[in-house]
Ligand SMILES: Nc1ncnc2c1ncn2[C@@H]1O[C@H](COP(=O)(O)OP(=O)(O)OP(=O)(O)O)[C@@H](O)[C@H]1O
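Take a look at this one chain, the form predicted on its own, written out in structure tokens.
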Amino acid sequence: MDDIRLLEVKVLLVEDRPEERVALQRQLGLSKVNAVIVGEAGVDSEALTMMEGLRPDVVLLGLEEPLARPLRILESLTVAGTAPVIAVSSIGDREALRKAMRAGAREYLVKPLKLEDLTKTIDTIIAVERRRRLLLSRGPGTGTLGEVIAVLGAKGGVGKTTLATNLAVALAQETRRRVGVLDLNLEMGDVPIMLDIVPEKTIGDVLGVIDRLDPELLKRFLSSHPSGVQVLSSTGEFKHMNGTTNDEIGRIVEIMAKSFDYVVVDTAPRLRGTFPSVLERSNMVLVVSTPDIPCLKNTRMMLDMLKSQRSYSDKVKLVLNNPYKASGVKPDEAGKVLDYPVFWRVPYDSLVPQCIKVGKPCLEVRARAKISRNLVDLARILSGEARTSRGLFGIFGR
């Protein structure tokens, strides 16, 4: 499976002793943080100059006795507000921790550092900081951001787009709120086919106005479905998407989140085609797998990669889809094979290929079919509108 390019975390080391800087570099290298050391400075005014010039994502600052000087530098770095500061110290008493926090440290780590603690601390801080910047970027009076649900698959043919489109229609039906679908399978997006839509505009057109994109301008590029769902379609011509950046895609997701209460993102098969900004901005990531052995193998690799990025791991939910009457590992065993809990199970239903053929959601063709009821229940769970009548998990054969 192709790996996603992990986002780099730019780190500035502020420490007087060269040997301690080397030790911190070594520990960052051994940790699961994709860290890049952008600069090193002593615990003095040089650190402030470097932070303002290098714009790191996080600062690791050595805090040792006598505390007065490092606390003064820590406070200056905090006032500058460019990046969060993690104090690293061999002093484990409460008074030193209290002084560091009062000076503005976001976290306080005591040596010897544990790799797990270092990784978790940096990942958590980065996730919070990116979320904070995203909220600030909305500006005043723009309202709250909608929920973003990304749908991933470790390979093609797992029912990812079927799930994404039917889930979007179910959310619109059950919540009566604004629902948008973003087709990010840039090479072969099938969302318009699944919903029988012929888009006049696509994401390729949006990229032409990305610098001035806002919710009002976005409306010009959306296609409407009778359910009320609005779709931003893939271009279908990947050559026109060459050079598309992660930030541009993140901007589109952000504007859609401002425009809708729920945004369902249908991604490309495999992690290679999934932009990191989509995962960052998603409130939930549904990983769809089928119970056949090759797909389970790829799915496990995908789950391991997502789990390695701790800022993503809490969002990831496994959906086991059964598009065939009988095949592969039994549903109850799939979670054990993947070493990951199954969040939702989608049953086999012969209605699905019929719906794909005519380009209509299952809910529209036969609302009482087991696949339709299953996805309505999933929409209710994700939206918090109501519990399902038969518990949290969709059940095979319902």
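Numbering starts at 1 and follows the sequence shown. Because the structure is predicted, anything quoted here is derived from the model rather than measured.
We do not show the form predicted in complex with the ligand, though everything after this point is about it.
Contact with the ligand in the predicted complex, judged as any non-hydrogen atom within 4.5 angstroms, is confined among 23 to 31, 343 to 351, 56 to 64, 38 to 46 to 343 to 351. Within this chain, Ser233 is remote from the site of the ligand in the predicted complex, having no heavy atom within 4.5 Å. For Pro84, no non-hydrogen atom is located within 4.5 Å of the ligand in the predicted complex, even though that partner is not displayed. Though the partner is left out of this view, Gly92 does not reach within 4.5 Å of the ligand in the predicted complex, counting heavy atoms only. The ligand is not drawn, but in the predicted complex it has no heavy atom within 4.5 Å of Val253.
The candidate spot formed by Gly146, Gly180 and Gly228 is out of contact with the ligand in the predicted complex: none of the three has a heavy atom within 4.5 Å. Comment: the ligand is not present in this chain, but in the predicted complex one of Ser223, Gln309, Ser277, Asn322 has a heavy atom within 4.5 Å of it, namely Asn322.
Proximity to the ligand in the predicted complex, defined as a heavy atom within 4.5 Å, singles out one entry of Pro112, Pro294, Gly156, Gly208, which is Gly156.
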